[in-house]
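This document starts with one chain, in the form predicted alone, laid out as structure tokens.
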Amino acid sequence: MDSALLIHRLHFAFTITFHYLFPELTMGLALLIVVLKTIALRRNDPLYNEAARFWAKIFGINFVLGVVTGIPMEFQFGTNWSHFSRFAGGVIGQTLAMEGMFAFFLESAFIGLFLFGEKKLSPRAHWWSAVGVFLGSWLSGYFIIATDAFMQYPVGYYKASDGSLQLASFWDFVLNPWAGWQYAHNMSGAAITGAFIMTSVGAFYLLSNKWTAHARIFVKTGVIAGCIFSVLQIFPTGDRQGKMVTELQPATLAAMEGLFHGQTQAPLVIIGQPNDQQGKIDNPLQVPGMLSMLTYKRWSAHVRGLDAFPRQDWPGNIPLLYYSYHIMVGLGTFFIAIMAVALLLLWSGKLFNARWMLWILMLAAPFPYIANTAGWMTAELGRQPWLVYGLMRTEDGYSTLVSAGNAMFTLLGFMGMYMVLGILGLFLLWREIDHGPAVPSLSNLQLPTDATGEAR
């Protein structure tokens, strides 16, 4: 691989991976804030209202950092990937512009109303501001997914006389069939992140015996949401996204599963190390026929391996793709197990006193970030060697006039700046968590509880 191309890829990979740490939490929290605010409005419960305000502050910090780290990515399309921008900009520019409008205006306006307009708005109007934050963040997410979906499965375009792609049908492009299941899978992952973070903070407060009334709300809401979305992440969203890959990117599926040779009754590898030089899985632990069943719903189905495709069309880094995919799936299964046990303890009224489980919930906070990052790595590594699948190769899309040295200089600069931003973000988040819910009269209020620990 050309050294400049490698640095350009690493540059964009670093900026987008760091950036997505923030919106994945804001999109997850946006939904949970609406849930908390809805309960507060229906019950006229000040505890739930205070809980919603607390998480809106966490949302606001993440939103600001997400905007600051997201803006450079827009410029990188021109500075690092100019040939790609010239080739596909006539199509993807539509959704990128719309995402910017929603992220900057809709989300920021409504989060401002939610945080600073409570005393001036009626309770119902304040609830609508939370809904506006949710709609803005989730619509913003859809436009980004639609952009990526075009790169995975290009539709709604035509080729102009200069060879560039231009928009033929806005609705075909925006309603790309790939985008639907990818969006559902991605937003389910974001909701898992929000649920785990909310549960983790609640568990921390319970273990510290601080703001226990709010902490019970955090843990209960997070566990219920986490259990629901952890299941949805596997089925139907993960299953249907896998079907899209099977049908439209069969070489990607073969690389993800480490299937170097096509097989009838293809096995599902649970543990093993891909050896792409010898075309096999070393030390495999596998379930016979399971891959055929999962992909085609028949134990006897034939699944094409990498040998069915030209070598130049294989994903460039098969081991990294394979491990990213298996980390994502493994952690998804782990999430279901954790949340199922926590939900059982919640239902039996034992969760808030089960310190061993509270420790698990608190320490599990980083894992959704790892799983979401591995999921995006799977999607983007799996698309290789294409920038726009079947239409433009990655090696043809980067800015050839920007040398490897120049790209490395800016990459190191971004790493330094983002390290400072990361430290600042952690400091601000910790300060809000340390302050806790802001109303002293409610923060340590001990209320009667029902069997599940729900404050009455």
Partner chain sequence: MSTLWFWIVAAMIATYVVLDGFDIGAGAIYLLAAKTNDERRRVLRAIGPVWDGNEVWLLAAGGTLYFAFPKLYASSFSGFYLPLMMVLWLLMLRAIGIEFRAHIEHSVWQDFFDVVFSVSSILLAVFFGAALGNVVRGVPLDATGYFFEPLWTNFKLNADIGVLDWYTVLIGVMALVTLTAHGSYYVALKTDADLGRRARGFALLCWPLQFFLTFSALVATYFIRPTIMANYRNHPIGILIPIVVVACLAVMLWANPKGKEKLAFIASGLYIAFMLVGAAFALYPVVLSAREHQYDLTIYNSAAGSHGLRVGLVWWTLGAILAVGYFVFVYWKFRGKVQLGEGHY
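The model shown is predicted, which means the values in this text are computed figures rather than measured ones. Positions refer to the first chain, counted from 1.
One more form of this protein, predicted together with its partner chain, exists but is not displayed; see below.
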(request) Please state whether every one of the three residues Y323, V329 and M362 places a non-hydrogen atom within 4.5 angstroms of its partner chain in the predicted bound form. (result) no
(message) Only one of F218, F110, Y205, F150 gets a heavy atom within 4.5 Å of its partner chain in the predicted bound form. Which one?
(response) F110
(message) I need to confirm a contact call. Of I61, I39, L387, L31, which residue comes within 4.5 Å of its partner chain in the predicted bound form, counting heavy atoms only?
(response) I61
(message) Even though the partner isn't displayed, in the predicted bound form is W430 close enough to its partner chain, meaning a heavy atom within 4.5 Å?
(response) no
(message) Since only the chain is shown here, I'm wondering whether I71 would be in contact with its partner chain in the predicted bound form (any heavy atom pair within 4.5 Å).
(response) yes
(message) Under a 4.5 Å heavy atom criterion, is P177 part of the interface with its partner chain in the predicted bound form?
(response) no
(message) Can you tell me if G413 lies within 4.5 angstroms of its partner chain in the predicted bound form, counting non-hydrogen atoms only?
(response) yes
(request) Work out which of the listed stretches, 261 to 269, 234 to 242, 275 to 283, 78 to 86, brings a heavy atom within 4.5 angstroms of its partner chain in the predicted bound form. (result) 78 to 86
(message) For the stretch 401 to 416, I need every residue with any heavy atom inside 4.5 Å of its partner chain in the predicted bound form, listed N to C.
(response) L401, V402, N406, A407, F409, T410, G413, F414
